[in-house]
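Taken one at a time, structure 1 and structure 2 that follow are two forms of one protein chain, written as structure tokens.
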Structure 1
């Protein structure tokens, strides 16, 4: 392989990229825009749930019960309703997502030691959000019920509240969240978006760059030149790999400083594995570019082949461990899952090659395989 010929092909490709403003913006601006759009759009935290109440009792206990919801950061109080007939229009129009209905004689029955049913209506349009809302309601209701029982036992037996609570709850559950102590979705989503952008941008640049040669007819200059297949491919792909190498740094800075995701791992290890993943996605773009003849077809096929495995099987929104057994098998066929493990491991858990070597090994195999297939498909003779 002649280094001078490789440098000449790479230099030519870089000049064409710089001259084309649209292609230049695609190379440097689009990854940033994708990071911003997906980063602020994929918010999975369920907070400020709009809700209303129907209080038929209007007692001190009912007001105390409802106040627990008002002081919670997970709920956003939208007002009190006087009639249950007002509930349906508000829920149907999505002005509220939940309604809490306090029955009559709420305080009287509680003080008499009787159980009381509090009806809660939750908008079930979005199942995940609905289940989380239900969990918040159950937690607040359980805490209120426990305080009533503690107060009753303390009063009957003449005990201190702390001692009464120990009798009622002999096993005290203490939960600690590791790696994401504040349970923020941004801490998980932002690092995974680095994977998403690197899945989309490098193959798109590569596919469009090579197909552009076909559309212009300049690919015939390569066919008739002394440049070998390897020299052409290395020189052609080098600028796109260099652009992606720069974008890795930009995406990392955005994830850490813009979305405040903690980075606990080794920076060099993360950068090296991200660059390895770029070789994989660049290889995908190379294969697509060799199979189609127009930039429109290359763009459509590349985006589809990149988005589908990333969204469904890459662990971006749903962890692979939560998928069905058959779906897990499919997920293990795509490199996105392995790089997601590396991203989450380096960002949140601070682990390195000693833990993530199986994922890195799979990515090495993918990179070698895809680039080898691209090299095998490329011919210095036009197909007839």
Structure 2
């Protein structure tokens, strides 16, 4: 490998990129803009669930009960309905996502010490959201029931309320959250967004950069030159890797300072693994670019190939441990998951190579194999 020839290819590529002002600015702007909108927009907390109520009891206890939903930041009160027939069009138009129906004799039965069922209709279109909604309703019901039961037991057994409470809830559950003590969704999302952006942007730049030459025909200059395959690929990829290497810093700064995610690990270790990940995604872009002939195809294929595994298997929205067994196997086939482990490990857990070595070694294998496949696929004597 001749260093001067590599430098020549790299400087040619760099000049071409720099002269295309819009391409250059997009290469730096995309990570920043994505980080901004995703950081603010990808809120995993389910809040402000729009709901309506049907109160058939109209008692002071039912009002007291419903008041708890109005007080909750998880629910957004949209109105009281008088008839159950009004429910269907509202749910169908997605103007509300849940309806709480209080039966007749709600107060009477509860005061008599009997159990009452409150029906909740939930829009099941988005299963995660309906599941969480259900959980919130149960939590409110449990808290409400506990007070009633305490009062009831205190009355029939003639105990003081505190003693009754202790009898009813003999076990206290002390929950401690580790790594993300305040359970902020931003702490989960912001570091993972570094993964998302580094999965999407580098392969796109690379694939477009190479296919551009193929489509315009300027790659024949390379085919007929003395530049070897390896020299060409190294020189060609260097500017794109350099752009992404700079973007890693920007993304890290945004995650830590803008979204206030804690960074507990070793900065150097993080930077090294992020760079390793950039080599992988750049390698993906390289392989796509060698298999297609048009930039149109290159762009679409890279985007779908990187968005889909990231969203489904990357551990960004769905933790990999929650996947079904066969999906978990698929998730292990994509590099995204391992990098998410590293990102969450270094940011939130403050662990380093001593814990993350399995993930790092898988990434090393990926980087080496993807770049070798790219090298192997690239021919200076194209068959077509």
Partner chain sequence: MMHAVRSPMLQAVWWRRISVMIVKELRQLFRDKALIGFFFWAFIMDVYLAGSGTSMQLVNAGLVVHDADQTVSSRELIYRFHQPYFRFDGLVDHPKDGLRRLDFGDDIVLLDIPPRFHEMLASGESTSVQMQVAATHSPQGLSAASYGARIVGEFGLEASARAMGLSANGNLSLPVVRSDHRIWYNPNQDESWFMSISEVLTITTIFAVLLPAAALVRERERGTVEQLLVSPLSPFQIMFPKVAAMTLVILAGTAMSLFGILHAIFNVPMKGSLALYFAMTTLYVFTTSGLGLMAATIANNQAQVSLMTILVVAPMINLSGTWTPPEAMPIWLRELMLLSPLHHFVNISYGIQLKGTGLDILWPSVLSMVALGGALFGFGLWRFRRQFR
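Everything numeric in this text was worked out from a predicted model, so none of it was measured. Each form is matched to the other, and the largest set of C-alpha atoms that superpose within 1.5 Å is called the rigid core. Positions refer to the first chain, counted from 1.
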property: Form selected (criterion: the form predicted on its own); result: 1
property: Shift of residue 59 between structures 1 and 2 at or above 2 Å (CA, core fit); result: yes
property: Per-residue C-alpha change between structures 1 and 2, residue 279, threshold 2 Å, rigid core fit; result: no
property: Threshold 2 Å Cα movement between structures 1 and 2 at residue 331, rigid core reference; result: no
property: Shift in Å of the residue 46 Cα between structures 1 and 2 [rigid core superposition]; result: 3.3
property: Displacement in Å of the C-alpha of residue 157 between structures 1 and 2, rigid core kept as reference; result: 8.6
